[in-house]
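Given as structure tokens, the chain that follows is alone and in the form predicted alone.
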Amino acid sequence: MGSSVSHAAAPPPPPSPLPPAVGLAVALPSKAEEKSEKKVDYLNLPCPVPFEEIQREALMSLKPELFEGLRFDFTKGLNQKFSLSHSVYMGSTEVPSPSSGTIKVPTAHYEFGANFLDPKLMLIGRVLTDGRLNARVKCDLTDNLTLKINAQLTNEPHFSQGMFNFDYKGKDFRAQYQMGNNAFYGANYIQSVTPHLSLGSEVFWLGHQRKSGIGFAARYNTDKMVATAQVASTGIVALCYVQKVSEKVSLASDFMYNHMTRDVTSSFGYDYILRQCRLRGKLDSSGCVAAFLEERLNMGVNFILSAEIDHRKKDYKFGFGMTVGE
């Protein structure tokens, strides 16, 4: 008799795992992650820039230190805190004329300066051969309160100026109080509203002229751009925008409208930093083209080229110079 062997049916194979999900379900963050990213601690906002410096990135490109003629600057450090400076300038001064053009008068002067730099005290003085004296003082009275003094004395009557500033730096705000000659009084305040947005306001009073004014400002900045807007009761509206293309290249533009005179001006500028030089320039709506080049020749030695062309007024300014010392 033959033996019979029974064969049980084999169990079905386990289902194969599903392929990983792709598409928007993975690319987009979950709702929990979005809420955690958008959560802002409004009790720990960053401190904003000073009210008077909200346009500093745009001014670097749109307001380079242009000059005409020859300039030579030499700075000698005597120790870590004290240094002396010598400056020679030979160029021309523009004098208004009854006609549309301008008259250029040759001029030259020598400037001697002394600088004292300390972490809590800065003293800077300049004396020119034409009799002008410029002085700047910055003193940190406390960790948050700073005193600034700017003075300019001249031989001409009623042209000397002086200004006292008290700056207070808070955790997420800045405040400033100003006093100057001609019975000038002013104050400004700027507050961080979000990590990127800050709002500010200023008031001033000119006692001798019996004039007062108020202004408002807003600044929005990220790692790639800075946008500012200012409006004042004097009729001035100013807008600025700076785009940081890369760590070495930035583009800037501004727009200004004067309601009193109905004047409108705008300009476009650039700031390009290379390994051994820095190139800045601008082009404004009046047809004026300007460029400013700083070339580093050696450690502490820089060569400077300046050019400005106004096609409408047929005014051409070219200058070159050199700075020695840090």
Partner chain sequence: MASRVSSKGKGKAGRGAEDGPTARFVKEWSTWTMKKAKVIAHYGFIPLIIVIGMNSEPKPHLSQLLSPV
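Everything quoted here is computed from the prediction, not taken from an experiment. Positions refer to the first chain, counted from 1.
We do not show the form predicted in complex with its partner chain, though everything after this point is about it.
Next on the checklist: Is residue 170 near its partner chain? Define near as a heavy atom within 4.5 Å, in the predicted bound form.
Outcome noted: Result no; residue 170 lies far from its partner chain in the predicted bound form.
Next on the checklist: So in the predicted bound form, is its partner chain close enough to residue 131 to count as touching (4.5 Å, heavy atoms)?
Outcome noted: It does: once its partner chain is placed as it appears in the predicted bound form, residue 131 has a heavy atom within 4.5 Å of it.
Next on the checklist: Can you tell me if residue 235 lies within 4.5 angstroms of its partner chain in the predicted bound form, counting non-hydrogen atoms only?
Outcome noted: Because no heavy atom of residue 235 falls inside 4.5 Å of its partner chain in the predicted bound form, the answer is no.
Checklist entry - Taking heavy atoms only, is residue 162 within 4.5 angstroms of its partner chain in the predicted bound form? => result Taking the distances in the predicted bound form, the answer for residue 162 is no, it never comes within 4.5 Å of its partner chain.
Item to check | in the predicted bound form, segment of 139-147, 193-201, 81-89, 246-254 with a heavy atom within 4.5 Å of its partner chain | outcome: Selected range: 81-89.
Checklist entry - Thinking of 116, 155 and 208 as one candidate spot, does its partner chain come within 4.5 Å of a heavy atom in every one of them in the predicted bound form? => result Judged in the predicted bound form, 116, 155 and 208 all sit within 4.5 Å of its partner chain.
Checklist entry - Just one of 135, 227, 214, 108 has a heavy atom within 4.5 Å of its partner chain in the predicted bound form. Which one? => result Exactly one listed residue reaches within 4.5 Å, namely 135.
Item to check | its partner chain: the contacting residue among 241, 72, 177, 112 in the predicted bound form [heavy atom, 4.5 Å] | outcome: The residue in contact is 112.
Checklist entry - For 112-129: residues with a non-hydrogen atom within 4.5 angstroms of its partner chain in the predicted bound form? => result The stretch 112-129, when checked against its partner chain in the predicted bound form, contributes 112, 114, 115, 116, 123, 124, 125, 126, 127 at the 4.5 Å heavy-atom cut-off.
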